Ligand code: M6R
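First, one chain by itself: the form predicted alone, in structure tokens.
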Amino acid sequence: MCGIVGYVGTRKAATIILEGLKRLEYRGYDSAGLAIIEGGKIKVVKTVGRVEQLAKEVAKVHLTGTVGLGHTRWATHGGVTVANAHPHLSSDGKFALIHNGVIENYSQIKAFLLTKGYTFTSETDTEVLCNLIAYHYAKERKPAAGESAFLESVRKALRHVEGTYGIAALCADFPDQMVAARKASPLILGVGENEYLLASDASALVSSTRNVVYLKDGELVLITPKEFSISTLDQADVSPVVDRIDWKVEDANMDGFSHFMEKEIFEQPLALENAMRGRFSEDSSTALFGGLNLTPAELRQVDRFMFCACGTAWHACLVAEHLIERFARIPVEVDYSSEFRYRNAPLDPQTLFFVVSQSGETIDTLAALREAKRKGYRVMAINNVVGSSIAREADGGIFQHVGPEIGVASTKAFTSQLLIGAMVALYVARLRDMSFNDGVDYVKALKGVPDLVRQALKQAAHIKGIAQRYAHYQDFLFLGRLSLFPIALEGALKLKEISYIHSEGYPAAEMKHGPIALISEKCPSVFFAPKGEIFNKVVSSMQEIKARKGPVIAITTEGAELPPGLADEVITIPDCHEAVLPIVATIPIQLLSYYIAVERGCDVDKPRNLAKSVTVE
């Protein structure tokens, strides 16, 4: 969601912060700002709009300080204005604060601070917290032995806070210090040579260091140019664990592509190879996962799977549901993470949970994980970020290993989630009643996915032409059946995310139950019509659309014979095993959505109102 960057060292902080903020632009934001300590005072520069505009404003000011922090804001409390942009200053000017998350009891705290003479210039909960820190600092209580009065003021303020936060603060009285803290909002400390960086996302750090410390919930860090120390809200010291980021800054560059989304679409063959690497048995009859922390005997006792996710990851879970039930014959339930913990769903004691999140920081999915664990269930995680909150708190899991995904609209992360879901289905099926030969065929299909995706990507120029002809439409329908119904949902989501076209996904057979009322010459329908047992059923649905003069775009497989003239546009993908068909079928809808958005002049990598990682409810 919002982005945090901090720097304490010997270099000009403003330069480092602006570079870091640019690398966080993909997360989504509407305003930006930074604060630098100069001559014992805090100087703040803020602007509405892109980091590029902030850089222009910073260039007008002479900032040479070596301690500072910066922020990109995605509006929650208060509109998109300079006053509401971060950083916020306390009313006495001593403190500057940036904040990701939501302070739920901010109105009560604000009412109290108003009685103490504190003033406010914004509508944000963040300014309230900043003034609360100033209030505790002004009370001049003696800090604990060896502690900074600055750190102690932040600690005391946070004890009164309800909600979520990732914060970084400066104090004019302590010009060589920064204090940061987290609760359900990611913060990473970068450990460099004679310098430290702070960020909400590793992409802002890797140009300076790949050595990092992942802060945990309830932890605070005091940073100086020479050292850092971590403690808890209860003043307990924490021994830091320094991890190493396994990707380079070059991985987050566009490499000649027009957009990150385009690059990541074409990276998918390699990303899928990485997601599979080392995960098959020697006899190539099943999948292997080293991080589940479950024995085969324990897995055979599982009676039901429960998947929780949000957005695109939820669609991947729907495909996993289909494949696990189809091949492993185990009931599967899929729930939105945001709904799971608020409804008291009856669950079998032998239920195994899976949570799916590319970032590993999705707030609703993290909350679902915690709720499941609270009720005594084992929780597995499928995510792409080593060291993320979900990865650390899950009982076991499977990393996607696809590298950083910068485009807001997920592409390679989604197809790798589909792949891992198919591998889980295989693994559990082979523990049950799938034969050796069927397992070998399944593994062969999985190993062939990268080449199948390469073949599908060769349709890019053809799909671009279709996109140019259909970019002016304002409504679309995406229709599929069985495992391709979730891909229809994903196609509709992709199109609306990046091109702002109203689009909906349905099972093809549901058209007659209401959605067919939308059909007209101005509403194209994208059909998934692969060769197979229900091909004729899908063709029948397509004929119903054509009878009502609706334009039809068909995505079909090699060997399928569509009636002549039934489809206005045809995209052909390779015929393949049903376990990998959803992956291959995803490629055309990614390309179609991307090229339509480009044709409409949309900001593909930074679509309006959206954020890459949703870290607030």
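Numbers for residues come from their place in the sequence shown, where the first is 1. Fair warning: this is a prediction, and the values are worked out from it, not measured in the lab.
We do not show the form predicted in complex with the ligand, though everything after this point is about it.
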{"property": "4.5 Å heavy atom contact, H322 to the ligand in the predicted complex", "result": "no"}
{"property": "Contact flag, T312 vs the ligand in the predicted complex, heavy atom cut 4.5 Å", "result": "yes"}
{"property": "Contact test in the predicted complex: R73 vs the ligand, heavy atoms, 4.5 Å", "result": "no"}
{"property": "Non-hydrogen atom contact R182 with the ligand in the predicted complex at 4.5 angstroms", "result": "no"}
{"property": "Partner-proximal stretch of 275 to 283, 323 to 331, 488 to 496, 237 to 245 relative to the ligand in the predicted complex, 4.5 angstroms, heavy atom", "result": "488 to 496"}
{"property": "Listed residue that, although the ligand is not shown, lies within 4.5 Å of it in the predicted complex (heavy atoms), from I188, L369, I398, A409", "result": "A409"}
{"property": "S388, Q358, S525, Q268 - the one with a heavy atom within 4.5 Å of the ligand in the predicted complex", "result": "Q358"}
